[in-house]
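Take a look at this one chain, the form predicted alone, written out in structure tokens.
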Amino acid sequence: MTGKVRIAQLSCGPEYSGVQKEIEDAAGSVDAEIFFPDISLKEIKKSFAEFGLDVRSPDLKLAIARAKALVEGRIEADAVFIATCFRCAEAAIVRNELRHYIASNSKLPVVSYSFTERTTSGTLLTRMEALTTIARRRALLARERQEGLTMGIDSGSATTKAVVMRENEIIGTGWLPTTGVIDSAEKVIELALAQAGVNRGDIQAVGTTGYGRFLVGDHVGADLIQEELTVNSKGAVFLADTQHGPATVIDIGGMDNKAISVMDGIPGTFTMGGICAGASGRFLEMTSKRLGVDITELGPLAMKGMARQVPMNSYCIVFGTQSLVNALAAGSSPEDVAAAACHSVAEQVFEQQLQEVDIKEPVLMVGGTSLIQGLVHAMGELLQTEIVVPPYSQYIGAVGSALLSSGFLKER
């Protein structure tokens, strides 16, 4: 599509809290425009009565009517952004119902967000970028095969990954902790190229993603620079061979978490973030250090423990540390502490992110934390389903970038 992406906003409260300008700035930075669907008072009353959700707030009634207008095709939009204040329980119920309603009855990509007075355009940027990517690049996201010789680079907050692919197969990988963004990228590129047995000049297209995607993308002359929500979901369904039909992708990262509902390889609804690092991979890293084991040993250790034996509060990483210290001082076993830490992180992701998407099987866990067996087990127990961890799951962003960049193949 050409021109600005039109994002319909359904909300309650951002104009009173000073957040509306931040929403509009975030949309503007990705060449999109926010608009409020225009409907009559008669339509509001009729739509609210038909929807069957009894709410008191006039703004929420208006949001419901706007949602019905979008679904019924009376208002044209390219994507939908639903935003309500995190303090309001009534708004949280409506936000969740509208997200489900729009996703189930239309093809519009939807993201819902619970804002605070401190929400900034930077916080919203990745979400807006993902909405515009889905609207603009639907055909690219529908790609099912990688072609040619391409490379994907994922510059994440904790680790940097690179993958080289040739004709739909991974032939080289590189993975290192992120220190300097460019330096880490260069090192993993060399590792991946060496394993693949090819030279940099042989690569026909390059894609980058992750926190350092712009810096690394400029450095390597990337053909595709794309946010991680769409890239990770594409990489996940590709590796799990679930590109047709529904899937749910869970990525518990070093700084934030992502939950994405995917249909036929294209994201429909998604959410990201977290209240604190206590709900991320950082907390598990800290747990392993406190227990005196490598992070790779935490998963097997947790599988031997009983999470219920240890009270764990990791909503805040500081309180989580206190829980760890108290549990060990009280004589809890390392196995039980490891299991409790994994369960705590899984529980928070379930409460904070998975309530914002429609969970449909298969459920895929990706990213570096998907290699922690105890965390995967805890998530499976909470969701009452078998969690699928695809091969190369820790390289998910790099794989998605390599796959999608093949849409920009060129002779070299």
Partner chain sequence: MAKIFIYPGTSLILSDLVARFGHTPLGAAMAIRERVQTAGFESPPLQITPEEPKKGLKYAAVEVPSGVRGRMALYGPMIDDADAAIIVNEADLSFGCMGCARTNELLVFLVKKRGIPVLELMYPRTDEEGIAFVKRIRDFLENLGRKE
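Residue numbers count along the first chain shown, from 1. This structure is a prediction, so every number in the text was calculated from the model and none was measured.
One more form of this protein should be noted, the form predicted together with its partner chain, which is absent from this view; the next part is about it.
Asks: If you check in the predicted complex, is Glu347 within 4.5 Å of its partner chain, heavy atoms only?
Replies: Yes.
Asks: Test of understanding: in the predicted complex, would Ser29 fall inside 4.5 Å of its partner chain by heavy atoms?
Replies: Judged by the heavy-atom cut-off of 4.5 Å, Ser29 is well away from its partner chain in the predicted complex.
Asks: Within 4.5 Å, heavy atoms only: does Pro58 come near its partner chain in the predicted complex?
Replies: Contact check for Pro58: no, nothing within 4.5 Å of its partner chain in the predicted complex.
Asks: Since only the chain is shown here, I'm wondering whether Leu53 would be in contact with its partner chain in the predicted complex (any heavy atom pair within 4.5 Å).
Replies: Answer yes; at least one heavy atom of Leu53 falls within 4.5 Å of its partner chain in the predicted complex.
Asks: Which of 92-100, 325-333, 126-134, 298-306 has heavy atoms within 4.5 Å of its partner chain in the predicted complex?
Replies: Selected range: 92-100.
Asks: Only one of Glu351, Asp38, Glu386, Glu33 has a non-hydrogen atom within 4.5 angstroms of its partner chain in the predicted complex; which is it?
Replies: Contact check passes for Glu351.
Asks: Which residues from 323-342 come close to its partner chain in the predicted complex, meaning a heavy atom within 4.5 Å?
Replies: Heavy-atom contacts within 4.5 Å come from no residue here.
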